Ligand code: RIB
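Okay, here we've got a single chain as structure tokens, the form predicted alone, with questions on binding and movement later.
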């Protein structure tokens, strides 16, 4: 494969410890009767796995602790065909942990101990890592690693004509200097409001928020709205994708699967509208299964889902 077809993902690696119970406890409340699962997680890792399964050629830049969780995570990435040579093991750190509570309707509440993720700083970027970013076609990032790392890598990518996709999650303010070098930004409603001060309640408000981000220099805005679908805006395009109707079991990784599948589709030379449709289908499949990385579908499954869904609507 031509090196420019490669996807590099920079981001977090966590292990998700999940309890599925009838409802998410209120403060001070204990809810009995849940089921326990553990799974690989972290927004970076989720997106790397989703991109690899969706057909992308993926290199992952991340950091884990020198514990069993870290070793198991790296093993899992290798099984998905991800290049792990730049997943660094920090001897004095623990691997990131996310405690996730999921209720009977699939809604979730999450608390994260970042662990080694905070150690992924620009000073850790070897010449080999820098070369890998420069020779990629797409750089996909999120905000669970230090912001200086995101800014450093985005600048490096922009200087070398590598497309930068930023999923600005968890929500935080971003500098205009960073926004103007982002090719595609993929906020949800909360993140879009944080970045634009416009509350997203419908397509019109999504359109207004998108215009704010376009004026700041972002080339493509995709606002994901869960069961309400997603809205795509560029200076030339205005497109709304309805969500695929499925039975939601766990929405934990839907956005991560969306971003990974989006990157994979674009790396395979699909246009942005087709890539949004593909990513939406992947996200829809993911919510029908519990767990983060466990729920990411492969390319064949996404394509057959889209085909059968289209047939159902005709």
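Numbering follows the first chain given and starts at 1. These numbers come from a predicted model, not from an experiment.
A second form of this protein, the form predicted in complex with the ligand, is not displayed here; the remarks below concern that form.
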{"item": "In the predicted bound form, the one of 121, 201, 71, 110 near the ligand [non-hydrogen atom within 4.5 angstroms]", "value": "110"}
{"item": "The ligand in the predicted bound form reached by all of 7, 51 and 260, non-hydrogen atom within 4.5 Å", "value": "no"}
{"item": "Segment that reaches the ligand in the predicted bound form - one of 275-283, 260-268, 60-68, 35-43, heavy atoms within 4.5 Å", "value": "35-43"}
{"item": "Residue 178 within 4.5 Å of the ligand in the predicted bound form, heavy atoms", "value": "no"}
{"item": "Close approach of residue 225 to the ligand in the predicted bound form, 4.5 Å, heavy atom", "value": "no"}
{"item": "Interface membership of residue 213, the ligand in the predicted bound form, 4.5 Å heavy atom rule", "value": "no"}
{"item": "is_contact(residue 292, the ligand) in the predicted bound form, heavy atom dist at most 4.5 Å", "value": "yes"}
{"item": "Members of 231-253 lying within 4.5 angstroms of the ligand, judged by heavy atom, in the predicted bound form", "value": "252, 253"}
